[in-house]
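What follows is one chain in structure tokens, specifically the form predicted alone.
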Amino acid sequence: MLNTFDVAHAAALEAGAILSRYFREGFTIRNKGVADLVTDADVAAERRVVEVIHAAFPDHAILGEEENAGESSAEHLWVVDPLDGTTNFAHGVPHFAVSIAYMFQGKAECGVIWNPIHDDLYVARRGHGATHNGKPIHVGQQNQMSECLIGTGFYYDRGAMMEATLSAIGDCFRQQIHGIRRFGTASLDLAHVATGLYGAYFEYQLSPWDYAAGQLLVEEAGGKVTTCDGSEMPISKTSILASNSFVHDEMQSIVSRHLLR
């Protein structure tokens, strides 16, 4: 019998194969909102993920971005983003991923993030560390923001939330950070924290499927993940601050200042 990690891994690879085919051969796009896109690749990949999971665990709940609205309180919950980075995908930018996490009683037990275009596989299992393409990874050792590259993201909001993010970025630069990066794929941004490329990453609104696997990856790589005000992460839309832990308090003092309440 397959375990949950084997199923998450298999589902991610199969969804990635679907995304790769659409990326090469073409797809259709529709808008869910301002700059909030969905393609037929998203839908096809999520359906395949659901098939793989339910073949092994038919009674498990699935919370996905496109078609599955499983209860976040379910004892056995899969949190799935079949195509994280849809805007990149839609514009031909090969920086996107499949993100799958399995949660038991509200805690992520395993997570898989897979960029099929670059053959980048990030894996975490609770209590067993995190790997990138089979090699153990660990967060960076920067002790202060002035030593860090920082990642961020923008929600689809073009008003107050965007302005808050820009203000926080300005304050980060005033701490003499090395730079800001915004690559548009939250799961891979979290992977960059886990591998030590970023000292920290923040965003003012994400959904569980954006961060569930990446949160576990960062934590198992030795980092820290909270909301921007320092609270424990819920299984719902929220802000996020992920770091190597050393700069967490310094970053939180900035991002909490601009957090919309």
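Residue numbers run from 1 along the displayed sequence. Just so it is clear, the model here is predicted, and its values are computed rather than measured.
Just so you know, the form predicted together with ligand IPD exists too; it's not on screen, but the next bit is about it.
For the options Val50, Leu206, Ala44, Val225, the one in contact with ligand IPD in the predicted bound form, meaning a heavy atom within 4.5 Å, is Leu206. Interface residue among Arg126, Arg182, His76, His178, judged by heavy atoms within 4.5 Å of ligand IPD in the predicted bound form: Arg182.
Residue heavy atoms within 4.5 Å of ligand IPD in the predicted bound form occur in exactly one stretch of 146-154, 131-139, 168-176, 115-123, and that stretch is 146-154. Contact check for Ala186: a heavy atom falls within 4.5 Å of ligand IPD in the predicted bound form. In the predicted bound form, ligand IPD sits within 4.5 Å of a heavy atom belonging to Glu65. When ligand IPD is considered in the predicted bound form, Asp210 lines it closely, a heavy atom lying within 4.5 Å.
Put simply, Leu83 is close to ligand IPD in the predicted bound form: some heavy atom of it is within 4.5 Å.
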